[in-house]
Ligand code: NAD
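A single chain comes next, written as structure tokens; it is the form predicted on its own.
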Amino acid sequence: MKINEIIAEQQKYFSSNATKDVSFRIKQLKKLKQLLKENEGLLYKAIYQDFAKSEFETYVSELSLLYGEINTFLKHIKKWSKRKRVPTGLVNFPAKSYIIPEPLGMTLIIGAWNYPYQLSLLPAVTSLAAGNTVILKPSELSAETSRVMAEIINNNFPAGYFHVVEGDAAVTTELLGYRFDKIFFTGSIPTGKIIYSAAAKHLTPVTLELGGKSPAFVLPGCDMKTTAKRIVWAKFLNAGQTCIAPDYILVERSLEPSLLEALAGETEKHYNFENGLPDNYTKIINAKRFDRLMELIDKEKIYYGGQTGKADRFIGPTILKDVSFDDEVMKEEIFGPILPVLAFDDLDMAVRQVKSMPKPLACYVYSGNRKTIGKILQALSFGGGAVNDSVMHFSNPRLPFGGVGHSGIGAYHGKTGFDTFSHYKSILDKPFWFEPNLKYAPYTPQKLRLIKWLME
């Protein structure tokens, strides 16, 4: 189908009010979950073809989160969709007030390639749960996963309700020429600006999930072995192609030697490349991004790793030391398996340096000192994060996920996602049997005194 035909079908479908029926939404979510389960084999094969992601990591970092989010909506959607009574106040007596959640309408989801199932389907699931129709545009960089999502969804759902549109940037540009009721985008900051600009022409609300340089502070009182283990897993998961991965480490100088040793030891333990690419390590998505990452590696500053293979789009976990904020690797989000370690002598100065940069999507603090932890969490603005862990805050549907400033606009997951894709309609409901003359002319000092008492 042509894009204009899909748009027309979606407008017609939403206008029918079919999606406003909560039982209909529940049925469709159950159907989608069943389809994903039935086609897991195809999903695993496609993502492996794109960048050699293993079945284990695909389930843990993608499908399990989708199933969990669907289950959350199935459990709570009836409650979240009900009208909610709120107090009215004496000035409107006698009356009742309530808020009605309603879907926004036709939504556009533009997914990302690094977690192609999760970052495309999770916001789509959220929009469907809120009662909207969805056009999903996956990233063309992960071509096989895009193809298999289109096959599963387009063969099983009406185009007017839920449809995948494949293609490159030209297709996205064409889609953005139409008026949607909501656009949800996950991707880079430069592309996010383009999406935001296009949406503004139609006054379309937008949620942008972007990125940034997310710091990890390693401070006195931390368990160094556990700290290194958690950072290594979070950083090199998906070969570092994770928007909330620790982008760099800020470590108190006295701890730097022990941290570097622990990081190298944990990396050596979990990533062995003697017999080729292991099943717990993915490729870089394409040659262009491989070349970009190679330019960020200063060979003079490699503490551990540095193995590469252009033919296989392979960059091994690489730890850099003696890095400064002036180095190329610190001037943009890395989005790859390169971990710069920066030592500092003064925590306040380190915090000021982070504050001088664009607000990151995540921040992590490893310490046993609750006062210091609280100081950093209060001083820095960032999307979300964790204390003594990294990345795992994403797995809790009760924690809103989103950025701030350059790292994003808006949030989703669980109830927050339902709110993101809903409009809350406010209603004041009055009977006819009583209508005081207080607000009507003639205006008198007595009426004003009474109104002040009622309003204040």
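Just so it is clear, the model here is predicted, and its values are computed rather than measured. Quick note: we count residues from 1 along the sequence shown, nothing fancier.
This protein has a second form, the form predicted together with the named molecule, left out of what is shown; the following refers to that one.
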Only hit among Phe314, Tyr161, Phe335, Tyr281 for heavy atom within 4.5 Å of the named molecule in the predicted complex is Phe335
Would you mind picking the one in Val365, Ile110, Leu121, Ile231 that has a heavy atom within 4.5 Å of the named molecule in the predicted complex?
-> Ile110
Does any heavy atom of Ala169 come within 4.5 Å of a heavy atom of the named molecule in the predicted complex?
-> yes
Using heavy atoms and a 4.5 Å limit, would one call Ile195 a contact residue for the named molecule in the predicted complex?
-> yes
Any of the heavy atoms of Phe401 lying within 4.5 Å of the named molecule in the predicted complex?
-> yes
Considering only heavy atoms, tell me if Glu268 and the named molecule come within 4.5 Å of each other in the predicted complex.
-> no
Choose one stretch from 169 to 177, 297 to 305, 250 to 258, 271 to 279: the one whose residues place a heavy atom within 4.5 angstroms of the named molecule in the predicted complex.
-> 169 to 177
Give a yes or no on whether each residue among Gln28, Glu69 and His76 has a heavy atom within 4.5 Å of the named molecule in the predicted complex.
-> no
Taking the named molecule as it sits in the predicted complex, which residues of 183 to 198 have a non-hydrogen atom within 4.5 Å of it? Please list them.
-> Phe185, Thr186, Gly187, Ser188, Thr191, Ile194, Ile195
